[in-house]
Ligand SMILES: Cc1cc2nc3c(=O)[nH]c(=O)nc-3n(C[C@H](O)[C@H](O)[C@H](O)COP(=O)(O)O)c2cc1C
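First comes one chain, alone, set out as structure tokens in the form predicted on its own.
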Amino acid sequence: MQTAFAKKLGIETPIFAFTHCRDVVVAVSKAGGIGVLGAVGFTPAQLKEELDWIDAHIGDHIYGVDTAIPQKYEGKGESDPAKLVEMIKAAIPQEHKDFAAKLLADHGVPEWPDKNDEVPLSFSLAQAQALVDEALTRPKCRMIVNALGTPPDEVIKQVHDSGRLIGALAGRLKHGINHKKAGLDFIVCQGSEGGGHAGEVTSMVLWPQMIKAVAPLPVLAAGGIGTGEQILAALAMGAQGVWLGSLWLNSSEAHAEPAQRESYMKASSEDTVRSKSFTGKTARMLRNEWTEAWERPGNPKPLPMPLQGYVSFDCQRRTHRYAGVGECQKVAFNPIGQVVGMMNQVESCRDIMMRLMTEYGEAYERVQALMPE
């Protein structure tokens, strides 16, 4: 299993692992793929700590860093991160704060010990720039990926001037075309099955359209991939690799609490929903009381990004820390794709990689056997 884009990066297998867990980044890169650390949720100081650890444990292997700079967001144009945060906080109606707090209280979620802790969300250029700057100090970080739209021109130039590759996710055909026009090096094309922010078109329909529309730009297929057979299908369509996120959430290296893992393994593919209730943009996650409550008539509606992220941040950190307490899982933030229905056991990242490659090889042989003598 190899592609020209993987060879360009110097990796053995074109498997790209998006994760917020540094252990997964290291494990996948060491197993022949490339781990990509999601930086949203880290302050610059926290990202430095994570990258220090990765650099110390990854050996001669490489990795990437994923940021989230949306093209449209409240407060765009404010270049001072501190002023932007104050602007965002001031724009959040008290009704939304009270509604979120009541949901957590009603489900027995313990309070966060220090209410003065900084909210490290970075859904803006002003906040994400410091994360990009930190990532580009690391020789082993060879790619930057933007999760929400085409990165600003100045960020693209900064990454290219550093000798690295830069790409972005696209859930719609026009977004991929815009990425190509902006001079990106690759596109991550995510179908609606994928976890987190995704569009409405399914992977099997979107991938071939995107690959054709942006050729010869490399496209990484994302959204609903959990087996080697699916990887073979993506590469057969012309993808230069696969971008997997959900599959690593239940790996033995992932920093997941037992109650969170239980939620994954109990869920079917039908138990996910596309909701704006956590970030303000449509993202796929496990359906629960939190996602349902923000949709009920008469209740507050999700605010635009990044305001809703500030409303939900307390929920995210409290339900993560106290995952097994009370009814935390009924309001927890569990972004995950429809592949969750295939996640029924805990595996190491290396075992997942080996399984995917074995399944790929077996599927390839089955297809070959269909060819006439």
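One rule holds for the numbers: they count along the sequence shown, beginning at 1. Note that this is a predicted model, so its numbers are computed, not measured.
Keep in mind that the form predicted in complex with the named molecule is not shown, yet the notes after this line are about it.
Of the candidates Leu206, Val109, Leu169, Ile166, Leu169 is the one whose heavy atoms come within 4.5 Å of the named molecule in the predicted complex; the others do not.
Of the listed positions (Val85, Leu235, Ala147, Ala256), a single one reaches within 4.5 angstroms of the named molecule by any non-hydrogen atom in the predicted complex, namely Ala147.
Just one listed stretch, out of 266-274, 221-229, 94-102, 290-298, contacts the named molecule in the predicted complex at the 4.5 Å heavy atom level, and that stretch is 221-229. Remark: Leu244 counts among the residues lining the named molecule in the predicted complex, judged by a heavy atom distance of 4.5 Å or less.
The closest non-hydrogen atom of Val40 lies within 4.5 Å of the named molecule in the predicted complex. Residue contact with the named molecule in the predicted complex: Pro151 places no heavy atom within 4.5 Å of it. Taking the partner from elsewhere, Gly35 is found to have every heavy atom lying beyond 4.5 Å of the named molecule in the predicted complex.
Contacts between stretch 335-373 and the named molecule, counted in the predicted complex as any heavy atom lying within 4.5 Å, involve Pro335, Ile336, Gly337, Val339, listed in sequence order.
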